[in-house]
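Here you get one chain, nothing else, as structure tokens; it is the form predicted alone.
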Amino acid sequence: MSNTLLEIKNLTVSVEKAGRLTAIVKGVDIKVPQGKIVGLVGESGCGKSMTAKTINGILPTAAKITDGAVLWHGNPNTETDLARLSEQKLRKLCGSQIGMVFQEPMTSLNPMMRIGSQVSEALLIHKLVQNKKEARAKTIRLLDEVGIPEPELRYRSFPHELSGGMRQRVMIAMAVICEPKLLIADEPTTALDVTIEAQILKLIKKMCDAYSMSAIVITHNMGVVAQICDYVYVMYMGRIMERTTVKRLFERPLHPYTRGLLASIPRIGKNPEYLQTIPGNIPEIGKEIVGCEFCLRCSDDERACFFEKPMEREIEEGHFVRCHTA
């Protein structure tokens, strides 16, 4: 993957629990190429959102980066470690060059502010327009571009007056209003029905193409990855278990966890009364596992799985996996 826009190197994020630091993101390496969409996939609680929040510095107060770097290559001939920037410099860079779509728009939008004011706010803060009139005109054009009907009317609407799908479109408009180089979409289709989900995914892809943006799409849904992503990273218990192109992953999944995620996708013609699942649950944060983090739920386990952590190996060109049995 050449022309890297963002590179996360050996990232470790820890929280304090029972008087000691516990790693919840463990030595993560991710590359986001220019103009490509990267999927970060795994069950809830795997550390996907925590990884994304390190990029724009919105980690919870209890969490902190204890190792690694978040390298930004968005400015010509420069490399900036976002993990080491001051809050003021990070806010300035992220607000204009990195946009984010959060999981639940109803809790992310200010219920007391009109839609237009919330979308145009970033333009005014970062002084990307001359005045409020120019900001209003650009906001209305963008609301129309993301598929919101009667944008001039909706400009003055409050969040509760819009449907869930319309609110998510507003969130996308807020994220791309400054024409950023990177879009982070954290579970962008949560709580949406299948039809609206397809529309939102198509819109994200359209916005990336229109503004030549890269994107990180965080999801637990392999179907979402298949629709819009170029590369995919499979995450479990804060560790990247498998990474490759989307095409190669679907053709030849190597890690038992990846195969479990793919097998759990409902398929037309499959017995509707039988839905394959991954047995067990993700261990609680802080639980010490000597071997592979997935060994307690894995059907392919060997003795080494319980006593030795697997190292990441390149099985074929560009296809990496962290597994003893692959």
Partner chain sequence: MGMNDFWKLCIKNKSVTVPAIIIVSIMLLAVFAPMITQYDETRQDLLMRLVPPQSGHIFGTDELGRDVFTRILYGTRISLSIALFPTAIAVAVGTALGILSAYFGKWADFAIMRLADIMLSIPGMLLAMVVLYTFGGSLSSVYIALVLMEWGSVARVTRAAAEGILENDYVLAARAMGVRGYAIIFRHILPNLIPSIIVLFTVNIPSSILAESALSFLGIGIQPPKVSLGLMAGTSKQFLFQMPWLSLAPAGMIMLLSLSFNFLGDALRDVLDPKRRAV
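Residue numbers count along the first chain shown, from 1. Since the structure is predicted, the reported quantities are computational estimates derived from the model, not experimental observations.
Keep in mind the form predicted together with the partner chain is missing from the figure; the text below concerns it.
Identify which of A210, L153, A191, M113 has a heavy atom within 4.5 Å of the partner chain in the predicted complex; exactly one of them does. Here the answer is residue option M113.
Of A215, L143, M171, V224, which one comes within 4.5 Å of the partner chain in the predicted complex, counting heavy atoms only? The option sitting close enough to the partner is M171.
Mind checking whether each of L85, K127 and A135 has a heavy atom within 4.5 Å of the partner chain in the predicted complex? No, the candidate spot makes no contact with the partner chain.
Taking the shortest heavy atom distance, is S108 within 4.5 Å of the partner chain in the predicted complex? Judged by the heavy-atom cut-off of 4.5 Å, S108 is in contact with the partner chain in the predicted complex.
Can you work out whether E121 and the partner chain are in contact in the predicted complex, taking contact to mean some heavy atom pair no more than 4.5 Å apart? The answer is yes: E121 has a heavy atom within 4.5 Å of the partner chain.
Counting only non-hydrogen atoms and a 4.5 angstroms cut-off, does G57 reach the partner chain in the predicted complex? G57: yes, in contact with the partner chain in the predicted complex.
Closest heavy atom of I98 to the partner chain in the predicted complex, within 4.5 Å or not? Although the partner chain is absent here, I98 would touch it in the predicted complex, with heavy atoms inside 4.5 Å.
Mind telling me which stretch in 48-56, 296-304, 28-36, 257-265 gets its heavy atoms within 4.5 Å of the partner chain in the predicted complex? Single hit among the candidates: 48-56.
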